[in-house]
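Presented as structure tokens, the chain that follows is alone, the form predicted on its own.
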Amino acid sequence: MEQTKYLIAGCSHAALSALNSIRMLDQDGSLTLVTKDDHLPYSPTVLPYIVSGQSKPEKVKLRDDEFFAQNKVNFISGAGLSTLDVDNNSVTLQNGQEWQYEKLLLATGAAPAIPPIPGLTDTPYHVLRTMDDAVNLHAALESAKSAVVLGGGLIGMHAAENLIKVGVQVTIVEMRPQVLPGYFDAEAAKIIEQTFIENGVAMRIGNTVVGAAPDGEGAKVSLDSGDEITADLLLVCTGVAPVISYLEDGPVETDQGILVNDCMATNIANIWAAGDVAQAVNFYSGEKSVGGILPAAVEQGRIAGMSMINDPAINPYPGGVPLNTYGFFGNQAISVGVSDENALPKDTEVLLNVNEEEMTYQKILIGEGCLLGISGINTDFDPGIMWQLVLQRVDLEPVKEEFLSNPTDTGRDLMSRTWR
């Protein structure tokens, strides 16, 4: 059995952030990073651009072999976790290797959640979560002229845009009444939807797929409206679920994901979790939920790594606050925190500014003098600054008018005072 002081399972943003934290104070402790992926680390956010051919797989790695060598990291690819034995502080990998650890971080991410659509399992379809998924989908475009994308979330919308830019006719089917509900309200979503329509994407919003079947080399989907859509490609982007099968029937507490405290520790000594697999406290509700956004993964990984080395400078995780920057057809949309006031107390102040002619939209939500959320399309504000204003519950009352008229400069001024 191989032995290592630190074992990190996963190789995306949370894992790499934890690695950096560990190496800040412990440059020599044995550190092993294992991943089921056959590639060097990459960000899932680049995958739609691999599909379209705008980016090449070999050009998008987050870290390379030289980095791992310089940081004394034993990087093992193509071998994810198979089982975990907490009594012996050991894991078995999918390649049969056994590793004993002193401290373990579970950053195994999420996998596509496939909806229980009748006939789907017998129908050829693609997903888009890994580099291999993107490469295979890119190859399939050589013979495809049409595609149906199931799901109007970030992955589906990114993929649809990149598909239509390479000449594929695209239909998006979204069962909810709007696209991107996790980030934008219905009014902002309408602006985004209309832009997709103007660029040739067929939008079937509020339609549910009730059946799927093969259609030659392609696929056919049936909608609850009675319509049928055939396409050369079917891409399923209906969400993801944390990868925790290796914990089945084990003592590590799980719910939707792996339950962690505010330092990313699980209920088992010497085991932490971070990123898409972790179920951590939500900033607004105080309840634990799976975040699934890149900034949260980085922050959770940083805190987990600091906790693993007992870094005295550690600050507890403040809770998940959504943050997303989304570019579409030359436009820029940003969402920080909550965008739907209906999810907040009734006395929340809503400040909305929309200019349809210039295609600009900005919404600010304030409660008890603090920023609760800000979203915009083609408006100018710094998402990182806004994120910190929310997390730190900075009092906006003394500068409220200035903030509403110029959130970027006012926000920067507020944070510069906080950081002094």
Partner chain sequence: MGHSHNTIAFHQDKCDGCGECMTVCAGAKSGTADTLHSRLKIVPSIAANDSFELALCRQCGDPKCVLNCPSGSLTKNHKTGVVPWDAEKCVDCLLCTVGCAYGGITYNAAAGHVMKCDMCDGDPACVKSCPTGALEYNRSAEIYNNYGELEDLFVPGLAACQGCNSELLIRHTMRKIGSNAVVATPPGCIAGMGTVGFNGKTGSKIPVFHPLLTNTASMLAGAKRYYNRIGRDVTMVALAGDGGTVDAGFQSLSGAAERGEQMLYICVDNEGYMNTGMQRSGSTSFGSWTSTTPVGETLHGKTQDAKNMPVIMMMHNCEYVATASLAFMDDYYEKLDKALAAAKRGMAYLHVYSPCPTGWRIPSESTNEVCRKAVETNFVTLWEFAPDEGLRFTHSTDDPLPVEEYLNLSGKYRHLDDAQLTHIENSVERKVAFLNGFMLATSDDGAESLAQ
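All of these numbers come straight from a predicted model, not from anything done at the bench. Positions refer to the first chain, counted from 1.
What follows is about the form predicted together with its partner chain, which we do not show.
Practice prompt. Quick one: find which of 30 to 38, 44 to 52, 367 to 375, 353 to 361 has residues within 4.5 Å of its partner chain in the model of the complex by heavy atom distance.
Written response: Looking at the partner contacts, the answer comes out as 44 to 52.
Item to complete: Select from the listed residues I309, A144, L294, A79 the one whose heavy atoms reach within 4.5 Å of its partner chain in the model of the complex.
Response: Of the candidates I309, A144, L294, A79, L294 is the one lying within 4.5 Å of its partner chain in the model of the complex.
Discussion item. Can you work out which of Q256, S285, Q332, S225 has a heavy atom no more than 4.5 Å from its partner chain in the model of the complex?
Written reply: By the 4.5 Å criterion, the partner-contacting residue is Q332.
Worksheet item: Should S90 be counted as a contact of its partner chain in the model of the complex, where contact means heavy atoms within 4.5 Å?
Response: No, S90 is distant from the partner.
Discussion item. Is E2 near its partner chain? Define near as a heavy atom within 4.5 Å, in the model of the complex.
Written reply: No, no contact at 4.5 Å.
Discussion item. Against its partner chain in the model of the complex, would V298 count as a contact residue? Criterion: heavy atoms within 4.5 Å.
Written reply: Close contact exists here: in the model of the complex, V298 approaches its partner chain to within 4.5 Å, heavy atoms only.
Worksheet item: Is there any non-hydrogen atom of V399 lying within 4.5 Å of its partner chain in the model of the complex?
Response: The answer is yes: V399 has a heavy atom within 4.5 Å of its partner chain.
Discussion item. Suppose contact means a heavy atom within 4.5 Å; in the model of the complex, does that hold for all of R302, D413 and R417 with its partner chain?
Written reply: Contact check passed for all of R302, D413 and R417.
Worksheet entry | Any residue of 382 to 414 that, in the model of the complex, places a heavy atom within 4.5 Å of its partner chain | Contacts from 382 to 414: D382, P383, G384, I385, W387, Q388, V399, E402, D409, T410, R412, D413.
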